[in-house]
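Only one chain is given next, in structure tokens, and it is the form predicted on its own.
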Amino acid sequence: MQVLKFKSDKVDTFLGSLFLVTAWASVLLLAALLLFLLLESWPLWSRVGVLSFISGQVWLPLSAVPQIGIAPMLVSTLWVAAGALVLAAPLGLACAAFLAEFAPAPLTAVMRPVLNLLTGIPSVVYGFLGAAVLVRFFEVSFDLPSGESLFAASLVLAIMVLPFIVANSEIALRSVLNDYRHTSLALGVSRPYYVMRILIPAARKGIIASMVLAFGRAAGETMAVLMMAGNTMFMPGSWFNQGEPLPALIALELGSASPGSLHYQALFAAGLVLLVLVILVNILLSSFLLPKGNEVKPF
């Protein structure tokens, strides 16, 4: 018994060290990426300034007098990513709760592989389907000259991030201790009440983590957004206007930008802003939405 306990302690120590090294490696990788983007874009920051770059509404990096501002692209990114999350989060959470608590085993065995398959479909395929179906639908149904819009891009992105929300939320729901479930059944609590008032609050951390992952996926998506958003560099006044999110801007122009030029540096600066935006969303959600103290409300 002592030999087995000694081996178990060694395994636990090894796994703990491995996880710690992996966590620090992830942090260092993120720091290296931020440093690389900052160094590549530093001449632009020193020349244009942070506030002027973020708040400027004109993007003419190749003109005689360059004007570089990404405010329209930044707002378009927020419309697209936040809109996709608004559309996908309720459906994804409902689907995760259904799989975790209500779905029979045969149905669950079919739905999980289908959801996993959706995560592996290339984004360009989603873009093709959106351009062929959604864009045409908006043009015909609403008599529009072009069906491309930030809303159409959000619809496609919502379908793309839905599997991430469902899979991670279901894992979070299933990780809740069975003691909550058994106590609820013993008290005669209905299954819907248990799910809404006990299970979901208890799994809130994992659910919010899935939403953060979905937002980051939507904010960084390139091809589907490039094909659906309309790619106009004007400040979008609503969700139903056309726009050009930051990933689309970078994908369209990086290949034609001369290395070391102001245009090249501006695109790296846009990538840095996009990465910082996703990090800030993670921090804000973790700070303000995660529960403090007891996560489960009393009956």
Partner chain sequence: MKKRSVISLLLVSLLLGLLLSGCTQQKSAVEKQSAEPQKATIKIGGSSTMAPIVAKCADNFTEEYKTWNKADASLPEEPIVIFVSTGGSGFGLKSAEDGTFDLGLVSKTLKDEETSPFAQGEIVQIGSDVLDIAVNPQNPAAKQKTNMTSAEIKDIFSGKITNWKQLDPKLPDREIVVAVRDIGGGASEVFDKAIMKGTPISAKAQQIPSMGALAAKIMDNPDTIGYVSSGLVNLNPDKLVPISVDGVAPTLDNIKSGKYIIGRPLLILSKDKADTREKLFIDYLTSEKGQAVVDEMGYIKAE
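Numbering follows the first chain given and starts at 1. Definition used throughout: the rigid core is the maximal C-alpha set that superposes within 1.5 Å between two forms. Nothing here was measured: the structure is a model prediction, and the numbers come from that model.
Note that the form predicted together with the partner chain isn't included here; everything after this is about it.
At a distance threshold of 4.5 angstroms between non-hydrogen atoms, W59 is in contact with the partner chain in the predicted bound form. In the predicted bound form, the partner chain stays beyond 4.5 Å of every heavy atom belonging to I68. Proximity of T232 to the partner chain in the predicted bound form: non-hydrogen atoms within 4.5 Å are present. Although the partner is absent from this view, L254 contacts the partner chain in the predicted bound form, with a non-hydrogen atom inside 4.5 angstroms.
Taking the partner chain as positioned in the predicted bound form, none of the residues of 77-112 brings a heavy atom within 4.5 Å of it. Once both forms are fitted on their rigid core, the CA atom of S26 lies 2 Å or more apart between this form and the one not shown.
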